[in-house]
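This document starts with one chain, in the form predicted alone, laid out as structure tokens.
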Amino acid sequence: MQKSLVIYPDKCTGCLQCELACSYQAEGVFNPAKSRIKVFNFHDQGRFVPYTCTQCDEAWCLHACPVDAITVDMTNGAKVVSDDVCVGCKVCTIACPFGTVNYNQATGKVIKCDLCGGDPECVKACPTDAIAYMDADLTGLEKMRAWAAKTDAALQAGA
């Protein structure tokens, strides 16, 4: 079963625990700048939105890499960068339409979410459940349920 990260921005408080957990797992330091997940702060609306690689089925980053440094982890579907193969050309950063593949100046390689080998630290660290790791076939179910409830409420109000 393939699983996906699902973000619930309405639950995010901007605590950055996901960024800290990610940077510690990936780099061994508590440094949000080294995190593969970023929490964006929309000051005007008073909202926070966590964002990371969506692990596209047709991953443009993977197809763009001239040295095949990005491969698919067959156990969880994550697109994983091999530091041993990556030459730091940054072509994958240009190919990603979502901006979730980034260059790490310290290593001269690119970095992106690898789902922590199937046990994402960001999910475990989030105190408000703003990030979930679930069966990929169910990722839209909660939104569908919410819209169905709104539709039902509107129909009942009009009746």
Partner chain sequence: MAWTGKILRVDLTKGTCTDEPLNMDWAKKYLGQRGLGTKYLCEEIDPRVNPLSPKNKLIMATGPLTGTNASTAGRYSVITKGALTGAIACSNSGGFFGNEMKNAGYDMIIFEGRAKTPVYLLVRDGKAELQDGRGFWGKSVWDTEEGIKKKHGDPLIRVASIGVSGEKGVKFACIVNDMHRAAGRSGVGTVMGSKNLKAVAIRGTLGVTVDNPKKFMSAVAKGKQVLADNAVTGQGLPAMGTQVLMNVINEVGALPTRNHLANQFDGAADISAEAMAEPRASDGKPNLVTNAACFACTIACGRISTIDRTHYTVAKRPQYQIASGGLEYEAAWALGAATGVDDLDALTFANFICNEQGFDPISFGATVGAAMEMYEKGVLTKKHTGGIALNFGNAKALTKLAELTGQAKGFGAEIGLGSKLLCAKYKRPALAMQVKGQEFPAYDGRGIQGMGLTYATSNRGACHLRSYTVASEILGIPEKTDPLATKGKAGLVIAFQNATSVVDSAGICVFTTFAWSLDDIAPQIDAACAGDWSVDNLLLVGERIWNLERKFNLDAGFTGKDDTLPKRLLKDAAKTGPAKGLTSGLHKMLPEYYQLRGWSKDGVPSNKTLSRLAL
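Numbering follows the first chain given and starts at 1. Note that the structure is predicted; figures quoted are calculated from it, not measured.
Keep in mind the form predicted in complex with its partner chain is missing from the figure; the text below concerns it.
Within 4.5 Å of any heavy atom of its partner chain in the predicted complex lies no heavy atom of G117. Taking non-hydrogen atoms only, C15 approaches its partner chain to within 4.5 angstroms in the predicted complex. By the criterion of a heavy atom within 4.5 Å, Q45 is counted among the residues contacting its partner chain in the predicted complex.
The shortest heavy atom separation between N31 and its partner chain in the predicted complex is within 4.5 Å. Site residues L20, Y24 and P127 are all in contact with its partner chain in the predicted complex, judged by any heavy atom within 4.5 Å.
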